[in-house]
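Given next, in structure tokens, is a single chain: the form predicted on its own.
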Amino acid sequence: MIRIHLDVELDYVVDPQGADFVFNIHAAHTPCQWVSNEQLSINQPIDARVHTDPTSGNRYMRMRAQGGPLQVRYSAMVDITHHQADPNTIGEVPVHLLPPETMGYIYPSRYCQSDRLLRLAYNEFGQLPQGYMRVLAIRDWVTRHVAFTSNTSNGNTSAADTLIEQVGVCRDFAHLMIALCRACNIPARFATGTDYGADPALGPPDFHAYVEAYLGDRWYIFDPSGTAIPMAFLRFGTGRDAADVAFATIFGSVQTVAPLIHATAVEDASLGIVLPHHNQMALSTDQGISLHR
């Protein structure tokens, strides 16, 4: 088990007419992720409503903020358990056998234009043996062909843009890997967490985007940017791409500053709680989906 103590602080200056916000900063409730000791504070007298998506476990908080400074602080203790498997034993699932819950993740989406990358995907990965190792090859290809460079993309940057520019941040790495997986008929989804274990030279701790691909009978974790430790990825949300799980979506005129993120790992050998570390096994925080229902 991995235990992460999470602190998030978001600061804004809202124009006098006010603004609406949708946040995805609450740790998700899933069968493999337990959230405790949650605390939320907002410096304005706001009625914030949190809705949990019954399928994904994503938790979205909506609020109407008044003009002036807005500070949102969230903290929680998050325990994560992992399914670990030998990568060589995990196969791909033919489209006709995919569980219905995964079908939405094989189609193109706003930022993951897999239909534009079919020829590239076939030329690079079409002849590789199918399974986890092929997805690993896609991850490694993206890691080699894209340079992690801050402030080189924006909210409109897509997988096709990243392929051309060959620079980006974790969001862009994830979009490109997802698009290539889908072009190979492999369901892939966008996931958000924190960048625990990232090199401080890359900047202060931040939110992080990574990939989950459906293989065998569950979603497995991949980090194409290679900047963090996958075992420490506590989940905020999963979706088709970043449009589904932005940590903050703002409707109105607002000045923003960089978020303050602190994710601290807790070790307790007596409870089987270990520090996050790099692992060569295939990792999943998914309970698994039966193919025969």
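Counting begins at 1, following the sequence as shown. The structure displayed is predicted, hence computed values, not measured ones.
Although it is not shown, the form predicted together with a further copy of the same chain is what the next lines describe.
Please determine whether each residue of Asp47, Val95 and Tyr107 possesses a non-hydrogen atom within 4.5 angstroms of a further copy of the same chain in the model of the complex. Each of the three qualifies.
Within 4.5 Å, heavy atoms only, one stretch in 126 to 134, 109 to 117, 215 to 223, 71 to 79 touches a further copy of the same chain in the model of the complex. Which? It is 109 to 117 that comes within 4.5 Å of the partner.
Can you tell me if Thr143 lies within 4.5 angstroms of a further copy of the same chain in the model of the complex, counting non-hydrogen atoms only? Output for Thr143 is no: heavy atoms all beyond 4.5 Å of a further copy of the same chain.
Does Val169 reach a further copy of the same chain in the model of the complex, with heavy atoms at most 4.5 Å apart? No, Val169 is distant from the partner.
Tell me, yes or no, whether Gly155 is in contact with a further copy of the same chain in the model of the complex, where a contact means a heavy atom of each within 4.5 Å. Answer yes; at least one heavy atom of Gly155 falls within 4.5 Å of a further copy of the same chain in the model of the complex.
With a 4.5 Å heavy atom cut-off, would you call Ala191 a contact of a further copy of the same chain in the model of the complex? Although a further copy of the same chain is absent here, Ala191 would stay clear of it in the model of the complex, with no heavy atoms inside 4.5 Å.
Can you tell me which bits of 1 to 33 touch a further copy of the same chain in the model of the complex, meaning any heavy atom within 4.5 Å? Residues within 4.5 Å: Asp20, Val22.
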